[in-house]
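Structure 1 and structure 2 below are two forms of the same protein chain, each written out on its own as structure tokens.
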Structure 1
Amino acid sequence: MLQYFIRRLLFAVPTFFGCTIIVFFIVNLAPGGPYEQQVQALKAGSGFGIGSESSAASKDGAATIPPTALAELKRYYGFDKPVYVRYLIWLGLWPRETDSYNVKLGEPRNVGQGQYVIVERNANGSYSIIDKDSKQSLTGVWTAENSVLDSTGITQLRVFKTEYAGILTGHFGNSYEYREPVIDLIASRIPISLQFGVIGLVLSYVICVYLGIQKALRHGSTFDLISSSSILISYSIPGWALGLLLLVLLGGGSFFDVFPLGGLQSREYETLSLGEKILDRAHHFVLPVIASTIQSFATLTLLMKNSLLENLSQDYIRTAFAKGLKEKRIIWLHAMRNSVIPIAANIGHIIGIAFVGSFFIETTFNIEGIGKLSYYAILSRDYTVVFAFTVIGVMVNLFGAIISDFVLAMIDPRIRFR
């Protein structure tokens, strides 16, 4: 079995890179990226218009954006490089430029922290970089390049540092929208989504397994018919629509003021004791948990019921009854172990859903979770957040599948992975 899971982990590597390649290329080739948005913002905010030539003013009197500025902006966002190079930079397998400054030959340039550098041209055409004060060579630290700015044909001498920083080194970059490290942004949202996601996961399994067992034992009864109708109706209602309905009915206004309209906690949350904080958080989580788990009730409940009914009709169950074993022992010890196998097979997928959150539920109840963050990142073309969420989603699904296999092997002794 150990060899099987080692192979699964090895197969997960090309799957991971394949998924990231597809998402990376699609997102980068889609229009409306951060570069285009920044250009539009400059036009709207400063009255800029983009002309084919660099000039002080356009025909209508509005200032134009110089082509050199556009080229610098494209370089800042990395769009001056081919898409495959940008992918390697994102992985951390290609050096990325940091701390870039435009310089002039022989003139001191402030590069931060009170340090000034001077770029000189060597006889062979290369460049050397020295510290203004100590006169020490900084060529190994800084790199000088006389590059052509995009398609303008204009050359610009600049100095910059390089480093290997990407997802493989734990560097996800900074968000274009929030102007802060992506890893910090996601780390602050994941616990929020996990809280009601895990609570909903546990409650749905506990309730659905027990309800499915009772439905199987009372198959064809009035209880079975009423419960089947109820869960099928709930399955047909989207979670966000049910959430809106619950907010209208129970969130105050014209009806009952039982639960808050949204959020995770009350305004005076920090002043509460530990017990009061738990109760306050639970009070805010009631409606989101109901809305996020209601659709899974039908699937899990009917799956549990049908699986138990199938096992109760097997020969080994009839043999157990013929031997005089107690009904409870037969059901809970013999039939249940085989009946939960289909439920266990899906646990990895459900864990992934609980981990990554739900945009619709988080938006409906104004919860700042990772699902809402990722959705708005897609709308705003916040590439760094989108790619980070892709990495998390792919890894969660890959490991979720492995967890499902492991749980199956633990429950069913007939399964032997080789």
Structure 2
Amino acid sequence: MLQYFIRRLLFAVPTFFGCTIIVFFIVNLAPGGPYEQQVQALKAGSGFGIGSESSAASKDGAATIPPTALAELKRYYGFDKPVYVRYLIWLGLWPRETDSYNVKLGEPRNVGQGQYVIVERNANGSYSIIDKDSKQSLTGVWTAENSVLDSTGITQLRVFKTEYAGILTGHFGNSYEYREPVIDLIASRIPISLQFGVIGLVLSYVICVYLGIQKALRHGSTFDLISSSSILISYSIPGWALGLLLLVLLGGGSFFDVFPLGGLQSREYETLSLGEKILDRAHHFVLPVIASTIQSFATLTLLMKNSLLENLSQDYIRTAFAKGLKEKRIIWLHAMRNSVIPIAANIGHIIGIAFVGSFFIETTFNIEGIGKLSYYAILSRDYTVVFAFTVIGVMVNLFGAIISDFVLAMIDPRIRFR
């Protein structure tokens, strides 16, 4: 058994790399990335700003950007390197350049914190870097490189530090859009998504398990038929679409003004007392929670019902009845224990659904959670954020499946994974 899980974990490694490679390459090869967006912004900006001076230089109305600036911008976003190098840098298996400074040969250059370096060319064409004051060699700390900037052959000498920093070392980089570490950005949104995600998860399990049991026990009754219809209805409508319908009906636009139109809290939230705060939050939660619960409602309920029904028709239940056990005891102690197995095994899958599903629900209800953050990251090509979400998404999927298996093995001693 242990061997099985170790093997599963080992198999997850190539899957993880395969996935991230595919996403990384597709995203990087897609035009319109942050570098191109920045160039566009610069062109538009300098066209208005400098105006008459630069208009002579450009014939098509757009201002020309000096090649050095372009090259530096490209380097800032890391686009001066081939895609596979960028992937390795992102992983943390290739040195990442930090603290880059342009220098002139033999002239001291301030590289921060009062330190001055001098770059000299050696006889064999390599560069040596010396601290101006102590005359110590800094070649191990700093690297010098003379790069060609454009087709005209202009070169630029610069020094930079390198470090191995990537997702394998826990470095997710900074968001281009928000200018703050991706980790902080995601961490600040997680509580919001988790709040209604967990409430939805718990609610759907409680309701579905209870309803499934009742349906199984009263199989074929009017109650069973009526609830089956409501299950079919909930299956036929995506959660976010139902949320939209509820917004129109109850959001105060056209019909009833019962619930707020979206968001997480009222404008005067900060001034409220604790009790009012909780009420306010709950008031805002009702519709999104309904919408997110409905997504797994049908599958879970039917899973519970069918599994209990199947167990009730087994021989061991017949035996239990035959030896005169009470019905309650048979159902709750004997049949139930076997019936919750598939439900429990579904948990890894549901975690995944909760993650993807919140994408739509947060957009519909205008909740500033993880789903919305990832949505806008894609829209604005905030690559570091998109990749961070890819990693999270892949991990949730992979571990969701493993967790499901693990739970299954824990609660059902008959199951042997090999």
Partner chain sequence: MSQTSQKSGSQSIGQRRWKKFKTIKRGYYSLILLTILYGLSFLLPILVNDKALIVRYNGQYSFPAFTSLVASFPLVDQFVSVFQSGESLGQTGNPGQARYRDLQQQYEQENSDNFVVMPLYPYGPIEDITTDGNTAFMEPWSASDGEGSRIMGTDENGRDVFARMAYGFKVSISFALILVFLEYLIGIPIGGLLGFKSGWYDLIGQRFIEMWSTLPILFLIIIVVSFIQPSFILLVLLLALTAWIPITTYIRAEFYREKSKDYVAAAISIGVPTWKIMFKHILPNSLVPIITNFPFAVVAGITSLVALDFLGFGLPPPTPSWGQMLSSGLQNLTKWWLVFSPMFALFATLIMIVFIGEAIREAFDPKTFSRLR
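Predicted, not measured: the structure shown is a model, and the values here were computed from it. Residue indices: 1-based, along structure 1. Take the two forms, superpose them, and find the largest set of C-alpha atoms that agree within 1.5 Å; that set is the rigid core.
**Student:** Does structure 1 or structure 2 depict the form predicted on its own?
**Tutor:** It is structure 1; that copy is the form predicted on its own.
**Student:** After fitting the rigid core, is the C-alpha of N110 off by 2 Å or more between structure 1 and structure 2?
**Tutor:** It does shift by 2 Å or more.
**Student:** Superposing on the rigid core, does the Cα of S230 end up 2 Å or more away between structure 1 and structure 2?
**Tutor:** Where the cores coincide, S230 shows only a C-alpha shift between structure 1 and structure 2 that is less than 2 Å.
**Student:** Checking R121 here: with the core superposed, does its CA move 2 Å or more between structure 1 and structure 2?
**Tutor:** True for R121: a C-alpha shift of 2 Å or more.
**Student:** Cα of S273: shift between structure 1 and structure 2 in Å, core-fitted?
**Tutor:** Looking at the C-alpha of S273 between structure 1 and structure 2, the offset is 3.9 Å.
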